[in-house]
Ligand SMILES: Cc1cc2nc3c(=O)[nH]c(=O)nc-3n(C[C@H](O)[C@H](O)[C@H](O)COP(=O)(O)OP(=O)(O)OC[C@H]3O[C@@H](n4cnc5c(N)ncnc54)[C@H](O)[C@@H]3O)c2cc1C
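Only one chain is given next, in structure tokens, and it is the form predicted on its own.
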Amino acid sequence: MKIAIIGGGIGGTATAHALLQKGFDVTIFEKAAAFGEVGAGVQITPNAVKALSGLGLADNLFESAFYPRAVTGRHWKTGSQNFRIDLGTEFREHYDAPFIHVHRADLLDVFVSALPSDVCRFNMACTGVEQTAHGARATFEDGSHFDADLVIGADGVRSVVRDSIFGSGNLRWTGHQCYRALIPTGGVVDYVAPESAFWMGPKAHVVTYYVKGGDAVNVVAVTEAAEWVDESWSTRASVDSMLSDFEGWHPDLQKLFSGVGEVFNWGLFDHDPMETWSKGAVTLLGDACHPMLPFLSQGAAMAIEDAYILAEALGQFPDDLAAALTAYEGERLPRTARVQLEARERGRSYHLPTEKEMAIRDAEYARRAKEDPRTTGINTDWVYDYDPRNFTVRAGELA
């Protein structure tokens, strides 16, 4: 099977690696001049680590990873802990995988370094995709086209492939904007605990965690925006604006923010869950089909899971594309829809407007912690439990 992947980010390169392992003929088309990722961190939760393990790449990622001690929730002003999920031996044994932090560029490099040097065509901006008698055709800005048995849209939240096949106009502006900064620390410092820390305040929250083996802290600071903010990871923002928006927050955060050299911001958009991702010889993957808010740290994880499952489905039905795509969607649509909607809900519960409402929320965190610490706080037990390596479908099981 000849397969074209539109987009050379984390989802596209993960998919290429997974498909090449199955023996498919794969070409990536990337609009940039080279592979590259923004200077930001990413939390690789156990479900994504299991997918990477299934692809044989987990050990490569561990070399550049930081292993946090816990996921914690903290009061925006006092720093008091309102929930804690320990990430030690018991956690790893329960989920059969660790929870790690990495730089996005290091994650991308894990996939890129495993690919043949000629698998990607750069400077190829896709302008549309259409069905053909024998598959699908992708057209490009330079006037060229490429015919394939299958075209996979891994081209992000503003997917040209999705818009070509399903139409545009379904992205939802959430009213949130996000500041992003990477602050060099040269190691673990006393004002940033070695945790994935969620600082929750009135109509805002901040997430801090170490990357680069502990040499830098990634900051994601989300506020509610009165005006539309572009969806772009490369829009520079004012450091003064960020400091102003978080004035009065805990002194440890103020000290951390004082080290910000440059800051970026982007508007947060999501999409109602789609009923299908595939038509004919075209399918979607990652943010192209399920853009989601970052509040469950699952954007990259869902794309990696998609890549693994799509390759497995095509491997199980190499001569029946319709069956393969039905199996892929049957496994992925319910899960990603739930993650999308749960992440949307976190945008509300993380940003409660009053101390009274926050206290009620935190009391619920404490109640759940007594029942099972893994279900407290961000309540992600069901996310981490998932193991894509267990996926298998027999023809008789397809609806």
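Small disclaimer: the values here were computed from a predicted structure and weren't measured. We number the residues from 1 along the sequence you see.
Unshown form predicted in complex with this ligand; subsequent notes refer to it.
- Within 4.5 Å of any heavy atom of this ligand in the predicted complex lies no heavy atom of D270.
- Under a 4.5 angstroms non-hydrogen atom cutoff, this ligand in the predicted complex has G9 among its neighbouring residues.
- Using a 4.5 angstroms threshold between heavy atoms, R180 counts as touching this ligand in the predicted complex.
- Although the partner is absent here, V260 sits far enough away that none of its heavy atoms falls within 4.5 Å of this ligand in the predicted complex.
- Candidate site formed by V71, E195 and I378: none of these residues places a non-hydrogen atom within 4.5 angstroms of this ligand in the predicted complex.
- A heavy atom within 4.5 Å of this ligand in the predicted complex is found for exactly one of P98, G135, G156, G213: G156.
- Proximity to this ligand in the predicted complex, defined as a heavy atom within 4.5 Å, holds among L52, V339, V42, A65 only for V42.
- Considering this ligand in the predicted complex, the lone stretch of 286-294, 86-94, 242-250, 271-279 in range is 286-294 [heavy atom distance within 4.5 Å].
- Contact residues in stretch 289-315 (any heavy atom within 4.5 Å of this ligand, taken in the predicted complex) are P294, S297, Q298, G299, A300, A301, A303.
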